[in-house]
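Take a look at this one chain, the form predicted on its own, written out in structure tokens.
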């Protein structure tokens, strides 16, 4: 029986493992953390309350993926209408933006200026077309300078830590639903599922409803692992991959070492590759544990692409290793608050420009009715940061109280209602699409095509800012490819990186 080793036990790796195990492959999943799911996880605090790694509701547009989720969460996977808001200039707006909301909520002169700016961009685009290089270029031509300056520009700078002029245009294309004021106007005139036109970018579709298991988003990943084990597969946690052995362009074995848990008091986890240089949560008493070795016939990678290229060592070209060094991730800290009130927010999530956090979410409003006691609720504060900065090193209690004070100022709760503060951290939260990153990606894609029995996918593994739904689709696609027996040349040689679900 062919043996497939999967690097990373996030939802992408687990989806691949489940499909491969169901197709008769022997499967071993290696995950460095003491839990499964990666960012699609639900971790428990000191009283058993569940904290997700951000508001990870499911919204699959791929029917196969949605059917899979429903079968796995067979005891409860209800849909709720999406209810997300953004706040700027002291007012709340629907997100994605709607033209009617802009017209009603903005000062009339400001709203008129926004629409006139957009119309001037339409004319300029036709008369003086130019290449869209940066996210600033893309949003400005699609939404107008006024809306860019009011929200998209400042918010993007806050989240990513660099000006939008330094982010690639594809970032905006991937991550801003209906990136055109004309589309915003069109959808404002429609109701329910009629808002979906079918022309949205697949990585940022217009979502009408969200699915969420009452016990937490991580239930899906845990049950995927159960299905792998039920087919005789192994799912190993606390196993940090340290090397991939290659022979004649093929992966033949994987080396890994056992590592400790990364939870520490109020810090529920710290996800890292172990080679960041300025953080290594896996070393015990300053000395790494002994290496173990496992042979493989095929290899599926879902860990960060730059790190994976390092694991391949001399088996890949110096040009590929250099290209990998150009890719970087934005770190992420999630501050979780268990609050002594049954409900706190008027929406599922709210985006802010002027708070410590970028996004505030309440999992009960998504459907997480069993994550805490009925008279309590869980709030999640997303904060992007850099490894080693004040947010990254903050004590969970201190940064929790800071967030609580800001929530009290907003009128959502009283600071003394916060019963528990926790932090979930990762060094590789979001791929950063810096202008020019495409050249590095092209080099890596060419290199990966040479590795016939190796596939890579997922947010980190393919360096694409995708949600759990697409990550799961990527896992299934990698498994389908390996089960098909086709070559990489046959499967993806003519597909550009933009459209690939694995490499």
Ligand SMILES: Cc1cc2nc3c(=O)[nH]c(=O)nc-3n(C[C@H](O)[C@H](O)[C@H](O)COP(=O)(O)OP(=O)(O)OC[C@H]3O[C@@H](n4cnc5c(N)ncnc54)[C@H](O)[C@@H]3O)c2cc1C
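Positions refer to the first chain, counted from 1. Bear in mind the structure is a predicted one, so any value in this text is a computation, not a measurement.
There is another form of the same protein, the form predicted in complex with the named molecule; it is not shown, and what comes next is about it.
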Taking the named molecule in the predicted complex as the reference, which of 455, 49, 444, 39 has a non-hydrogen atom within 4.5 Å?
39
Among 246, 269, 241, 159, which has any heavy atom within 4.5 Å of the named molecule in the predicted complex?
241
Is every one of 57, 304 and 359 in contact with the named molecule in the predicted complex, taking contact as a heavy atom within 4.5 Å?
yes
Using a 4.5 Å heavy atom cut-off, state whether residue 146 contacts the named molecule in the predicted complex.
no
Does the 4.5 Å heavy atom contact test between residue 365 and the named molecule in the predicted complex come out positive?
no
Check residue 382 for me: does it contact the named molecule in the predicted complex (non-hydrogen atoms, 4.5 angstroms)?
yes
Whether residue 372 contacts the named molecule in the predicted complex should be assessed with a 4.5 Å heavy atom distance threshold; does it?
no
Thinking of the named molecule in the predicted complex, which stretch from 81-89, 147-155, 396-404, 425-433 has heavy atoms inside 4.5 Å of it?
425-433
Sequence order please: the residues of 5-31 with a heavy atom within 4.5 Å of the named molecule in the predicted complex.
8, 9, 10, 11, 12, 13, 30, 31
